[in-house]
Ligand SMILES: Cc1cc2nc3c(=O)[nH]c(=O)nc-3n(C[C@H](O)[C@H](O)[C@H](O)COP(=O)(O)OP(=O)(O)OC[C@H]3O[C@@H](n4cnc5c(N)ncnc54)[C@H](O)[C@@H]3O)c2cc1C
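The chain below stands alone and is given as structure tokens, in the form predicted on its own.
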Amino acid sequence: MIDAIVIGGGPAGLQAALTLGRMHRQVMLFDSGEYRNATVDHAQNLITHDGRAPAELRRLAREDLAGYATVRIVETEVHAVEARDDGGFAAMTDDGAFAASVLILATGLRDELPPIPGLAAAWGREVAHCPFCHGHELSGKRIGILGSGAHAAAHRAMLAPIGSAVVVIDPDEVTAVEPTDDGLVVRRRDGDSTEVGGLFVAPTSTQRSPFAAQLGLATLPSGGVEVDPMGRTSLPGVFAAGDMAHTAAMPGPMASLAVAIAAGQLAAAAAVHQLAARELGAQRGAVS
């Protein structure tokens, strides 16, 4: 049984593996090859890497991990996880079961968009959900917000200093979204249309993996896994990081590369402390 299994090859999982590797802990990182930002051409709002492609960020992170002999990346999907009788955890794949003393989940979220024709095709480019990640690129353009109520009002206020105009569009009135040379045209049921440089929408986000449910982890109203500030879940030995988890003090996860990386480091640090405490306890027990 190795020290740690990390499931998820995004920024949170990669950082967790790096932190564990630097502490010479035996770690297996399982990467299914599916990423929440797979359709995004450029990742923003990350110092020294602002505007770099997410795939390039993952490549660079893997180069870093290659320098640590105790880190192994396994490019396969984990189908199920379970707690073992010996206090460890097992991850089941098509290649068999793998066991570790601690488990770090960094599997992210899956986004479901309103069923409007053309919306999904522009997702991650002209259509986005995070003003911090995609707002600046629309400087001086008309920006659309697909939504209503307080959420749409908050986004409108945040984006007002960026766009030449910010318009709120009722999704129930939209029949299609079509690309243009400068952005999108939003078609409405009344026959009118609105041209925008980009469109913000709040997707319905759910857990990408079934692991939280399989382990019976506590969740929050947002659907995110509940963690403490160090990424500890309700099940000792299981940690969670990235978009899939957040503390109860936050209304929901913050979709940010920097936040995900920080969460991965904190979860791994907490895991290392738990491993060390367990080993120290075993040593004391052996002496007595």
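Please read these numbers as outputs of a predicted model, since none were measured by experiment. The numbering used is simple: start at 1 and walk along the sequence shown.
Just so it is clear, the following notes concern the form predicted in complex with this ligand, a form of the same protein that is not shown.
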Give a yes/no on whether His134 approaches this ligand to within 4.5 Å in the predicted bound form, heavy atoms considered.
yes
Would Trp123 show up as a contact with this ligand in the predicted bound form if we use heavy atoms at 4.5 Å?
yes
4.5 angstroms heavy atom contact with this ligand in the predicted bound form for Gln44:
yes
Is it the case that Glu34, even though its partner is missing from this view, gets within 4.5 Å of this ligand in the predicted bound form, heavy atoms only?
yes
Interface segment, criterion being heavy atoms within 4.5 Å of this ligand in the predicted bound form, picked from 174-182, 102-110, 190-198, 143-151
102-110
Pick from Met230, Leu257, Leu220, Ala61: which has a non-hydrogen atom within 4.5 Å of this ligand in the predicted bound form?
Leu257
Contact check, 72-92 vs this ligand in the predicted bound form, heavy atom within 4.5 Å, ordered by sequence, gives Thr76, Glu77, Val78
